[in-house]
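Consider the single chain below, provided in structure tokens and representing the form predicted on its own.
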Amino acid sequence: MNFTFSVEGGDFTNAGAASSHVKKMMKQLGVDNGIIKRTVVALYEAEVNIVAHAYNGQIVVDIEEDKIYIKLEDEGPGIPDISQAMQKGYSTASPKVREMGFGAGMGLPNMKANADILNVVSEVNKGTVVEITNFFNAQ
């Protein structure tokens, strides 16, 4: 089962649409609620990061029998120092984004905490690719 979503930078009204759709699909497939929660938290954080930091992006979701694989690819400023960005509380969010209640610096740490496998690759002035994999059975 595959889904693709487009995400526009700055569109906070629709932020979370992909996560909501994925949650609904996983529930219909009978995936364990704990796995659904972890997956949706990781995906939502990544989705909001595209909205808050990038110009646009695309989310590709592949749900297989034993796992879910999510690839988020954006066009944006990129992340100069991924290890620094993985630290709780570190944020490059604009004041406007912070005023809306986002940009607390927990996006990447929350993704890491809620993904079985998390890969983040970024190129400054080009964009970022985030890959999230969660397994449905104990590994």
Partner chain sequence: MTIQEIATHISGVIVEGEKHKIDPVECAFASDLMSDVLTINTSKRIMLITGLANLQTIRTCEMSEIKVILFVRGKKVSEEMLELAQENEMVLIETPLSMYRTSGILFNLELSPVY
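Keep in mind it's a predicted model, so treat the numbers as computed, not measured. Residue numbers count along the first chain shown, from 1.
The same protein also has a form predicted together with the partner chain, omitted here; what follows describes it.
The partner chain in the predicted complex is not approached by residue 126, whose heavy atoms all lie more than 4.5 angstroms from it. Proximity of residue 91 to the partner chain in the predicted complex falls outside the 4.5 Å heavy atom cutoff. The partner chain in the predicted complex comes within 4.5 Å of a heavy atom belonging to residue 15. Among residues of the shown chain, residue 40 is one whose heavy atoms approach the partner chain to within 4.5 Å in the predicted complex. Using a 4.5 angstroms heavy atom cutoff to the partner chain in the predicted complex, all of 20, 24 and 106 count as contacting. Contacts to the partner chain in the predicted complex (heavy atom within 4.5 Å) from stretch 85-101: 99, 100, 101.
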